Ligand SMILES: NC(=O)c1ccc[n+]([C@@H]2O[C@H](COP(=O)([O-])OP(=O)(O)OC[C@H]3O[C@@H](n4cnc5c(N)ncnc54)[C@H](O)[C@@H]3O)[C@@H](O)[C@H]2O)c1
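A single chain comes next, written as structure tokens; it is the form predicted on its own.
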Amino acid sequence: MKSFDIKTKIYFGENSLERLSDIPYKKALIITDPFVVKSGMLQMITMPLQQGYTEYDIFSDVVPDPPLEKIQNGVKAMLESDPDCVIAVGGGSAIDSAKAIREFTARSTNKPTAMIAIPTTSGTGSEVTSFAVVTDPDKDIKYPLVSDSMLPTEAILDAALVKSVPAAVTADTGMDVLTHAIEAYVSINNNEFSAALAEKAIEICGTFLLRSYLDNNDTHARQKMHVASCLAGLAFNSASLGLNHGMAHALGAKFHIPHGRANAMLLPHIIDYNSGISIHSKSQKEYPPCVRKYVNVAKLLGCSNFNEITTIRALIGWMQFMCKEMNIPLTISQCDIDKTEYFNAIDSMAEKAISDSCTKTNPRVPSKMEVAYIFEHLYD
């Protein structure tokens, strides 16, 4: 028996931030990153809070790939503030940090605290998932945390917060959205509900991702991508992800490649691997079940072709085209990473990718040797 539910209430569309003037909480702890504070963007959050007479403290010691030390600092800040609501403002790192801080604080105090997630990038979908990723920099490991108790109470999707996002970040996070949707779609845990959400997210990405990248004043495109990110988050929160994320976590932890960029670079290789269809493939009577799913993805993106083989190759070509158009590297050699250092790390990264919880729901069960092979061919 399976089940599907959406526990996070979502506010979206124009002026969504006005919700903050009407929240039923007396005191909030805002968890965000230094950029949101310095840019003045935080005023878009604090002004409606003041209008609603909600007191707030601010914790802004958030960095990319949040390390355990920063989470500990956040727990101390939350214990001192004693809020009845946490408001996470930022990209995936800020929201993941807030989730982990709230979770560990609750475990030590047994006091439930509401959480409002307000993303400032359109990528992780973290505002509606029970997932968070924290890093142990000493071991070069990213730990995916999974618990229903980490689900935000509310999410606010306001395109005003993503209007000024740089093009490079729009590209990375947008490809992260697409990867979330595709991996959820082909996951062995997929279901009719997650599939519907994933399909819509893929369709939106095909129409609006490049538009959003090319013009940050295209508010319509940016709002659409903001919604797509949330839809993809809902899809993978139900169906989980796959090897693409398992490998991206290992690659990002070791070489600090932005998460969405790592996903984008790996995606053509993972589609190739999961489908079993390479440039040398010939037609066969039966294909793995995920091939039908990938063919549907290609149709949604407008690149379906003559048969399964040509359609899968066209889909991989579409992914590579998008990376080129948005200046995302296709290979590790384009990332100024030393070749010797990279190849020396492959065995360890392959081991970590295999043990990553996301890999468990991949449609094809990978061996360590196969993962190492993909890492090798990712270099150039």
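Note that the coordinates shown come from a computational prediction; the quantities given were computed from them, not determined experimentally. Heads up: residue numbers just count along the shown sequence, starting at 1.
Another form, the form predicted in complex with this ligand, is not on view; read the next lines as being about it.
K.L.:
Using a 4.5 Å heavy atom cut-off, state whether G92 contacts this ligand in the predicted bound form.
P.N.:
Yes, G92 is a contact residue.
K.L.:
Report whether the minimum heavy atom distance between P166 and this ligand in the predicted bound form is within 4.5 Å.
P.N.:
Because a heavy atom of P166 falls inside 4.5 Å of this ligand in the predicted bound form, the answer is yes.
K.L.:
Might P64 be said to contact this ligand in the predicted bound form, defining contact as any heavy atom within 4.5 Å?
P.N.:
Within the cut-off, so yes.
K.L.:
Consider W318 of the chain shown here, and say whether it contacts this ligand in the predicted bound form, taking contact as heavy atoms within 4.5 Å.
P.N.:
Close contact is absent here: in the predicted bound form, W318 is far from this ligand, nothing within 4.5 Å, heavy atoms only.
K.L.:
Looking at T129, T179, S187, S275 here, can you tell me which has any non-hydrogen atom within 4.5 angstroms of this ligand in the predicted bound form?
P.N.:
Residue within 4.5 Å of the partner: T129.
K.L.:
So which stretch, 168-176, 299-307, 78-86, 281-289, is the one near this ligand in the predicted bound form (non-hydrogen atoms, 4.5 Å)?
P.N.:
Only one stretch passes the 4.5 Å heavy-atom test: 168-176.
K.L.:
Check each residue of 188-218 against this ligand in the predicted bound form and list those with a heavy atom within 4.5 Å, in sequence order.
P.N.:
If the 4.5 Å heavy-atom criterion is applied to this ligand in the predicted bound form, 188-218 yields nothing.
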